[in-house]
Ligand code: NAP
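Form predicted alone, single chain, as structure tokens, below.
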Amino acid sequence: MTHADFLMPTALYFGEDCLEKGATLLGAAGTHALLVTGKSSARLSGALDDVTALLSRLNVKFTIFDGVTENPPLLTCHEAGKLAAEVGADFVIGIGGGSALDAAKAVAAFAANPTISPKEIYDAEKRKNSTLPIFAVPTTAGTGSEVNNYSVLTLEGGKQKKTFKAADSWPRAAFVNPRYTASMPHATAISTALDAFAHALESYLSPKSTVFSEHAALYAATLLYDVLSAAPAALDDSDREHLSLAATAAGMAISVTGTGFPHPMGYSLTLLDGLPHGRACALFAGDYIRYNERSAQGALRIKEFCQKIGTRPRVLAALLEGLADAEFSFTEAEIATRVELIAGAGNYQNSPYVLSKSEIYDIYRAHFLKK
């Protein structure tokens, strides 16, 4: 089976009137929606009020599940899926950051298959029924989850992540309003922007990249680099618009290519040590650049990428590592615990230079080994 150079079966609506523009699509989706959110961001942003007001006007019933936490647990999604089935929801709307949007995809699969066990979501043969229709309303500018079919979930025990991905887990529509990101704390906005930048850089270097994913990655990276390198003490409306556009474009790019090794290498630091995901990716950006420069193809791609966004590899590495602002000190045993949790990820294959397990250890030791 061959893959298209670009596929995005998600209707994308952008701007202040995005919900109104997609109202007909929402109204035709069903008669009862499960709204999947966290405890606060959907409300604080104004997005939840806007969505519920529109659903009420469309005479669509809704039930709110606001139990999603950061790094959404698989078990939480299973619980929400059973709730959706019990109340008779026939579509799902994720409202919030990447955690809520990722959770919504899994919830929609569980809702359609309420008798499967949590881990059976990863078994296509167990998922007998098609996923319920999904809609996405992001309130952060980072993951691009609104325009891809990835759902990154935390497994039972809280130490590992595993991606759920299905052909029918794409959002049917995404509603991207930069205003919904205004309630984010500044530190969160920077971290989510770093996640989006990681998507752009890692997508551009991926052997799976196409001319369309490359253009999306470069568009995103240029907007992101302009904001991140300026280091504004506060974001204005123009910054928020640029970050929202960039995060969505970077999400489009990784929908084609997937991500590279900074993503799994940061998961242990996020789950075990509390480092936000975007900053965790940025912490390994310099390693990503330096190791890929060992490959002729990687060195060429990095040089091209940096030239096109107006910087140099060393300057970019220093900027991203500085914004990560992370210092940890681990023993050999603590490093081994963290590396063994992430060493088997498929992302390591997705760049010109493929890290060995010993090199993963080398990188962790260089950053974190107690002196």
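Start at 1 with the first residue shown and count on from there. It should be emphasised that the depicted structure is a prediction, and the values quoted were computed from it without experimental measurement.
Note that the form predicted in complex with the ligand isn't included here; everything after this is about it.
- Residue heavy atoms within 4.5 Å of the ligand in the model of the complex occur in exactly one stretch of 36 to 44, 302 to 310, 50 to 58, 338 to 346, and that stretch is 36 to 44.
- A single residue from the set 232, 207, 185, 158 has any heavy atom within 4.5 angstroms of the ligand in the model of the complex; that residue is 185.
- Proximity to the ligand in the model of the complex, taken as a non-hydrogen atom within 4.5 angstroms, holds for one residue of 71, 113, 295, 222, which is 71.
- Residue 180 belongs to the set of residues with a heavy atom inside 4.5 Å of the ligand in the model of the complex.
- Proximity of residue 192 to the ligand in the model of the complex falls within the 4.5 Å heavy atom cutoff.
- Residue contact check for residue 203: none of its heavy atoms lie within 4.5 Å of the ligand in the model of the complex.
- Using a 4.5 angstroms limit between non-hydrogen atoms, residue 228 is distant from the ligand in the model of the complex.
- Residues 148, 150, 152, 161 are the members of 146 to 171 with a non-hydrogen atom no more than 4.5 angstroms from the ligand in the model of the complex.
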